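One chain comes next, on its own, written as structure tokens: the form predicted alone.
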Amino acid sequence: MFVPCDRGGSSASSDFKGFTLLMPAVSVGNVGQLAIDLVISTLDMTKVGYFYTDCLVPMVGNNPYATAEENSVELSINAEVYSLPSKKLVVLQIRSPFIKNKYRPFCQTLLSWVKSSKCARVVLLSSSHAYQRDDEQLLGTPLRYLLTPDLEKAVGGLMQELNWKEMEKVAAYPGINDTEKVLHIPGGGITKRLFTESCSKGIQMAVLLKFCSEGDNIPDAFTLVNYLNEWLQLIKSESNNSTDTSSQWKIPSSWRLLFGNGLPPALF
């Protein structure tokens, strides 16, 4: 459940009526989480609360978006909520993996909060194993999207204008029965469950994902957040004839530690 922050004796608002909820799936390469980091850091979003749940591995750390020594000692936990009222945007950042068999209760709690907070729609940033693509998915862009029926009515036409590719369904039984197609997102974590439950509950949800492999996934995060920006226009491109905004995203200070310390010179 959502727990608002105490700021100067008053609690942050928990009413996000008409807001877009942006969140990551804990998926291959942590691409969605890295992309969310770029959004929070670039837009200088304010932390308004926490998402209390027993479905995630507990963790605590320093402020990942520290800009000075004064705010570097602020603590962060496994699921935090940030807001930017000027853009009607609320972000849920997830920083730890799910506990086994906790996908379903997490999805139920999250969607219950979405309804009670009156969010207009949910955008889930995710990823999927590149090596498990079928022949059709190997063609063209590695980026895909999914829309629930309720959101399809509202923005389906815009996706066509952007020339985006919808996530293909694959054969349920390859080589045996190729006519029965199912949604398959290997390495996508909660993506499929959250999407299908949103469909059944009438919640407007979009999934934006990238096919990738584990490794240095910073370039994948930039690609995914630029894909998101094509639609939501969170930041404007400095060039009038370009949609590439990679140089305008602000890398958070915590990324300096993504791969630990460098090799000690004494080795050489």
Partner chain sequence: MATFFGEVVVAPSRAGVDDEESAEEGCEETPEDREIRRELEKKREIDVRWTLKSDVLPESSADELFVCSKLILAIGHNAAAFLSSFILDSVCWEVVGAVKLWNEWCRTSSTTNVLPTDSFCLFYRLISDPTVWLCQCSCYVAEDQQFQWLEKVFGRMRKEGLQVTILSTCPVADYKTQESTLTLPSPFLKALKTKEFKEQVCCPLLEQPNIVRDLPAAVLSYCQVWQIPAVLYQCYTDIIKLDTVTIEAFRPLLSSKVLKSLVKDVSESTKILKKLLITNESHNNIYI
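Numbering follows the first chain given and starts at 1. Not measured: the values here are computed from a predicted model.
Not on display, but discussed next: the form predicted together with its partner chain.
- Using a 4.5 angstroms threshold between heavy atoms, Ser254 counts as touching its partner chain in the predicted complex.
- Using a 4.5 angstroms limit between non-hydrogen atoms, Leu158 is distant from its partner chain in the predicted complex.
- Residue contact check for Val39: none of its heavy atoms lie within 4.5 Å of its partner chain in the predicted complex.
- Heavy atoms of Arg121 never reach within 4.5 Å of its partner chain in the predicted complex, leaving it off the interface.
- Proximity of Gly29, Asn63 and Asn101 to its partner chain in the predicted complex is complete: all three residues have a non-hydrogen atom within 4.5 angstroms.
- Proximity to its partner chain in the predicted complex, taken as heavy atoms within 4.5 Å, picks out 187-195 from the listed stretches 140-148, 187-195, 83-91, 163-171.
- Along 253-268, these residues reach a heavy atom to within 4.5 Å of its partner chain in the predicted complex: Ser254, Arg256, Leu257, Asn261, Gly262, Leu263, Pro264, Pro265, Leu267.
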